[in-house]
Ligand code: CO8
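The chain below stands alone and is given in structure tokens; this is the form predicted alone.
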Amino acid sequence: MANALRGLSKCGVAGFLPQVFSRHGPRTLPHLVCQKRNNSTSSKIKVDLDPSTGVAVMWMQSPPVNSLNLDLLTEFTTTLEKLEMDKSCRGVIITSSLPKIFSAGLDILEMYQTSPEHCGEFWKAVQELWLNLYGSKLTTIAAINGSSPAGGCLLSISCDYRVMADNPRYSIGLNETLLGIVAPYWFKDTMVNTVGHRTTELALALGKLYSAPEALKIGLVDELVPEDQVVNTAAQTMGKWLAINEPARQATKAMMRKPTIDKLLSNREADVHNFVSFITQASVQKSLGMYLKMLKSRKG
């Protein structure tokens, strides 16, 4: 019960860049086959890497809802860094091993009634994850097999491409304002780069969560497919990306994303300070506490 409530309490709070360079010459990948030859399992992330295709699948497996606590953030970043250094890996598919949920977002309990020092450590981990994922030299595809609010949405839009399950019950978006929280500027910038300024302004102001069909319509996701085909479709799409000349593709990605990345890199300490100052305010803590009580009453 306590773990389940902790997982639900991690729904929908804030959510996340190095450089992009070449490693291999171009080669084609028809699709990701189910031969997973290099498996590694850790507590919250499982990786299936097929060296013959160069594609890894990262499975988030932190029940009940893949909430982004400090442990998961750290493990995610470490895993991605290891794949970056693996010369046999060219692309990563990010998905969830849990049904109906991709990630419920940042863990509220990492920010509620904790010390300023802990909040700062937590926020640095959020920054580090986004810096690595948004700027990864690897091709990254989100295989969104369920709902993806707040930090889960940030994970998704930090990837190069998004495939989502075609289910109107699943939602995605940055809904921080509903919790009395303001999405940081780099969350905002990532969404602006995905769907444009006006759509982002409305979405952030209203804390809007889009259904899967709505998300496709505004370009928040790129493709909807049946739920049982999300990972396979992501693998087939990966083949198209990896068929492109790799140095050209990586340089293009760097060109498009570098201004957004540099903006945070030059202001990381100030961003941490601003976050800690904001999140520890009595009024914000009160809003988080009310939200936790609401979740508890729903659970009860």
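When you see a residue number, it is the position in the sequence shown, counting from 1. Bear in mind the structure is a predicted one, so any value in this text is a computation, not a measurement.
FYI, the form predicted together with the ligand isn't displayed, but the following is about it.
- Partner contacts here mean any heavy atom within 4.5 Å of the ligand in the predicted bound form, and among 271-279, 253-261, 45-53, 240-248 they occur only in 271-279.
- Across the proposed site, 67, 107 and 176 without exception bring a heavy atom within 4.5 Å of the ligand in the predicted bound form.
- Shown alone here, residue 165 lies farther than 4.5 Å from the ligand in the predicted bound form, counting heavy atoms only.
- The ligand is not drawn, but in the predicted bound form it has no heavy atom within 4.5 Å of residue 91.
- Although the partner is absent here, residue 181 sits close enough that one of its heavy atoms falls within 4.5 Å of the ligand in the predicted bound form.
- With a 4.5 Å cutoff on heavy atoms, residue 133 does not count as touching the ligand in the predicted bound form; it lies far away.
- Proximity to the ligand in the predicted bound form, defined as a heavy atom within 4.5 Å, singles out one entry of 80, 191, 212, 111, which is 111.
- With contact defined as any non-hydrogen atom lying within 4.5 angstroms of the ligand in the predicted bound form, the contacting residues in 147-165 are 147, 149, 150, 151, given in sequence order.
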